[in-house]
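Okay, so here's just one chain, in structure tokens, the form predicted on its own.
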Amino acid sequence: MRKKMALTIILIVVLISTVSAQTKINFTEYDLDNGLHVILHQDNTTPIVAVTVMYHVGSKNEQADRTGFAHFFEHLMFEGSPNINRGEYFKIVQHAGGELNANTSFDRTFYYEVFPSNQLKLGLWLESERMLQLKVDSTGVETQRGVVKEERSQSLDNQPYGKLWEETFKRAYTVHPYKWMPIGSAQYIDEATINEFMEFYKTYYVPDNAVLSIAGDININETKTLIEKYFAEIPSGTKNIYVPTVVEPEKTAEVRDSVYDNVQLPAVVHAYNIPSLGSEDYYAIDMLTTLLSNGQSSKLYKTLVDKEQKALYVGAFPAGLEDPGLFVTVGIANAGVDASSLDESIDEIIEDTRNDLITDSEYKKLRNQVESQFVNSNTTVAGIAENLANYYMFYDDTNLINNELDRYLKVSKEDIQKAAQKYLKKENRVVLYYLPNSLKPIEEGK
């Protein structure tokens, strides 16, 4: 009986969330005098609230000899403050019935807590504490050095295909800082001093480089009063924020390379340079990605996994970034299939998208998939808070949370083909073979 009741409650909450996501998302936004941009979304259907802060700093704001700083701070920001003891941040949130996490990308760093709504004040205090007076000392820095290096070891260095993205990006970019990954280099994290970390904090973790986005069971006016209390007196930044202005040169010839690692099966990567987030061509490329690899009925899966059985796994990913990004296809070959054979088959599918219009039925299905994805991205208060902040930070148009779907639905079959012809061409790509060590050529004299 209790299980049935619990299941019924879960279904009701899911239904409420889904219905809410299909209606217009109302929000209030404004700036504090210190430059902090605030976005508030009130949804009183469930007694929870998401308190989030997005800082406009990612790995692209780093220097080439100090990569990994943004990701390092994702960890360091939980070290506490003069009013929060080391190791207490997580405990405080969990004891209040909340959950928390953070993530770092090429372009931004995002922190969030989800609480019962009666803990809104606690969430605001926690975020204001680390924005105002993060504890940056030798104990915390040395602790997090070890944590970050272990994370890199586990997720990249000792993980099958773990370096695939790193090897791809460093070949796809020659001058732009997207050529290194957000996780950075353990070497540079080791070399950095406490003064360098403090300088990074004082430069980027300031209110005028951040968005405070709150969604859930709140009262707008009461929340404004609390935000004024906890954030208004935090001083604006005084240091110059480094934003790279370098432009990656257009490719004029295909780049091919091979790397060898401790893997069992060959992998093939095609990486094409594409325009930045928000551009018309980006929407067409994004829709093409869905067509090629969204589910088992997608073109890549049906052809390479089901029909030809050349691939154990295949997918396509649009790395949509603030500056021009990448469209990437990845295939892991089946046993007995060599990389060149898989490469050829992926190439044929890409060429089909360049040469032929997609069918009416494919186009209809694609539009339905895009609409479903858009709606599903706004089914939780944490998702809404993050999307609101993203749209403001990278598009300067918060209301895209309501109407960005229109941009996708304006993309025609012809637009998709034109984008494929413009960007998915051989002279605009990197082809990387990620091969088992057993296939590595034996050097002469050995």
Partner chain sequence: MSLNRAVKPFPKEEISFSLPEIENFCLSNGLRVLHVKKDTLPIININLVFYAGSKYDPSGRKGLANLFGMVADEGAGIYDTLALSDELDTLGTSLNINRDSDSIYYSLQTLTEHYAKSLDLFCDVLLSPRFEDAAFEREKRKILTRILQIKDAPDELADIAFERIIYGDDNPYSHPVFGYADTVQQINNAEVKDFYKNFIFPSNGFLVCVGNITADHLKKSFEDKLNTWTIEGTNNFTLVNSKETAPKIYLLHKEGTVQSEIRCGHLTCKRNEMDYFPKSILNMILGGQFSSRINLNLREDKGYTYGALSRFNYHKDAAHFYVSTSVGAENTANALIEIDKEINKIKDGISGEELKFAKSSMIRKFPSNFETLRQISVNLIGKVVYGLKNDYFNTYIDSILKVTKEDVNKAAADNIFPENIKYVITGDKNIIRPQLKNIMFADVVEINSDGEVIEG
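Residue numbers count along the first chain shown, from 1. Note that the structure is a prediction, hence the values are computed from the model and not measured.
One more form of this protein, predicted together with its partner chain, exists but is not displayed; see below.
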property: Contact test, all of 224, 401 and 417, partner its partner chain in the predicted complex, heavy atom 4.5 Å; result: no
property: Listed residue (340, 238, 264, 219) with a non-hydrogen atom within 4.5 angstroms of its partner chain in the predicted complex; result: 264
property: Contact assignment for its partner chain in the predicted complex, among 297, 174, 355, 187, heavy atom within 4.5 Å; result: 297
property: 4.5 angstroms heavy atom contact with its partner chain in the predicted complex for residue 260; result: no
property: Contact flag, residue 201 vs its partner chain in the predicted complex, heavy atom cut 4.5 Å; result: no
property: Its partner chain contact at residue 129 in the predicted complex, heavy atom, 4.5 Å; result: yes
property: 4.5 Å heavy atom contact, residue 158 and its partner chain in the predicted complex; result: yes
property: Region of this chain that lies against its partner chain in the predicted complex, out of 307 to 315, 340 to 348, 276 to 284, 243 to 251 [heavy atom, 4.5 Å]; result: 307 to 315
property: Stretch 100 to 117: residues contacting its partner chain in the predicted complex, 4.5 Å heavy atom cut-off; result: 116, 117
